[in-house]
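Listed next as structure tokens is one chain, alone, in the form predicted on its own.
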């Protein structure tokens, strides 16, 4: 794993790239959600990350990596409806808290921070890998950060695709029972976009 130090500007670029990816893929995310959810995941995430970019780029930008993620998480909680806002907000806020007040963090510190965020998402949703949720992309993706940013993006993407044959055990999709089988989980798909954006800005 790279020992490159990551500063607040890097984290702003990550959130901006994530917003662009969500914007590009919003229609696909909503299509996935229309099969097993409320058909609004794409538009919700699009609105949320647009708010994140606005908060981070207009006015005084947060000075530390931890502050960037905390601010981003706060925006997602306040602007994304349903379960996605609290879950994504918890992921980023908890990761930001774990990074503390350091002006720069290492890639390993980022991995540890995101790992803390993933644990918090699992606690909030009462979910685990295999339940057909965002954790199916986040857990393997964050674990693969130990190798490289590219490996993390690939593992998260594979994790999202691997939700297709699973039966949902959490969230609205779980009400469908066996009918949830055969569809990619939209939360896992958007989580894969988040880690793909991280690899993009780190390249």
Partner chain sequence: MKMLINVAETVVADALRGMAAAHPELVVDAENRVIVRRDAPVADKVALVSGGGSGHEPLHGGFVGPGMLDAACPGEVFTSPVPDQMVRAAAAVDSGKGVLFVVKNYTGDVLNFQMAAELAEDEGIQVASVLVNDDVAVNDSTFTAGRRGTGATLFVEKIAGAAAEEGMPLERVEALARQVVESSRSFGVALSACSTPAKGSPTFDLPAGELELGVGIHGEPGRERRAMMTSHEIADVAVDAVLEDLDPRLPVLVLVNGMGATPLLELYGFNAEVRRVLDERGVAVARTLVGNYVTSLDMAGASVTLCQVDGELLRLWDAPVETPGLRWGR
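Positions refer to the first chain, counted from 1. Nothing here was measured: the structure is a model prediction, and the numbers come from that model.
What comes next is about the form predicted together with the partner chain, which is not displayed.
Colleague: Please tell me whether the candidate spot formed by 6, 54 and 97 is one where all three residues come within 4.5 Å of the partner chain in the predicted complex (heavy atoms).
Modeller: Spot residues vs the partner chain: no contact at all.
Colleague: Within a 4.5 Å heavy atom cut-off, is residue 141 in contact with the partner chain in the predicted complex?
Modeller: Result no; residue 141 lies far from the partner chain in the predicted complex.
Colleague: Wondering, does residue 44 line up within 4.5 Å of the partner chain in the predicted complex on heavy atoms?
Modeller: Close contact exists here: in the predicted complex, residue 44 approaches the partner chain to within 4.5 Å, heavy atoms only.
Colleague: Taking 4.5 angstroms as the cut-off for heavy atoms, does residue 80 touch the partner chain in the predicted complex?
Modeller: Yes, residue 80 is a contact residue.
Colleague: Quick one: does residue 124 come within 4.5 Å of the partner chain in the predicted complex, counting heavy atoms only?
Modeller: Within the cut-off, so yes.
Colleague: Among 158, 150, 38, 146, which has at least one heavy atom within 4.5 Å of the partner chain in the predicted complex?
Modeller: Contact residue from the list: 38.
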